[in-house]
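What follows is a single chain, given as structure tokens, in the form predicted on its own.
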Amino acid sequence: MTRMIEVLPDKATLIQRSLQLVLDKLEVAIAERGLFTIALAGGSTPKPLYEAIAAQNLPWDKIHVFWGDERYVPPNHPDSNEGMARQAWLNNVPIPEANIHPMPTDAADPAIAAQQHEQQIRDFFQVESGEIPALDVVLLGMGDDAHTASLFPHTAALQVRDRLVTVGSKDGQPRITFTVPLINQARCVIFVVAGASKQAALAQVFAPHADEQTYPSRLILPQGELWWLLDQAAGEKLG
């Protein structure tokens, strides 16, 4: 694993750098494999990145979009990660609907939805049980508590190693989330982190020793590249 940390002067520059990195990975993936797979992050930070991607002239039919996690709400709910990405990006470009792979949130039991989505991923990547597919890019944010995707401190989801998708939990509310092994199989993981409120968590994530159960972003150690793109407010105390 190669870890790169870049501190950008402001959020606008952070988004521009994130865009360039995604476009670079997209170009390589399509040249080498004929398609590009990306898992999106939720939250407010990546929304301008999705808007910037939507403004590009890209081979949309070769791009396949997944989500690293999802709140257990319908796609038209204000809290839906899928809904946000559709409004900011996917509804505004001619991407085939078959290339969009949202996490299902309509099963009575979130565990069933997680199993369904795991099977959808296995079918798409044509991998057997026990194998882990490699997405080209997994975009991640990080919360003030150092959670990423829906991998929250001291929750059962952190321990799952035999699944691609599992149920996460925040304050008793279920989420669907990629597991640590699926994220870590990615060719490239990109954290996009903004705001001074992230400084304390980042200090622990980058510390030589800290508890992974308390600071789950420490668990993200992909077999490919690991990029931490931070704005000045988040990253000014590092180094």
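Only a predicted model underlies this, so the values are computations on that prediction, with no experimental measurement involved. When you see a residue number, it is the position in the sequence shown, counting from 1.
The same protein has a further form, the form predicted together with ligand 6PG, not shown here; the description that follows concerns it.
- Contact annotation: Thr179 falls outside 4.5 Å of ligand 6PG in the model of the complex, judged by heavy atom distances.
- Contact annotation: Pro102 falls outside 4.5 Å of ligand 6PG in the model of the complex, judged by heavy atom distances.
- Among heavy atoms of Ser44, some come within 4.5 Å of ligand 6PG in the model of the complex.
- At the 4.5 Å threshold, heavy atoms of Gly143 reach ligand 6PG in the model of the complex.
- Contact with ligand 6PG in the model of the complex, defined as a heavy atom within 4.5 Å, is made by all three of Asp69, Asn81 and Lys198.
- With the partner omitted here, the stretch from 103-111, 156-164, 134-142, 118-126 that lies within 4.5 Å of ligand 6PG by heavy atoms in the model of the complex is 134-142.
- Residues from 144-176 that approach ligand 6PG in the model of the complex with a non-hydrogen atom closer than or equal to 4.5 Å are His147, Thr148, Ala149, Arg175, in the order they occur in the chain.
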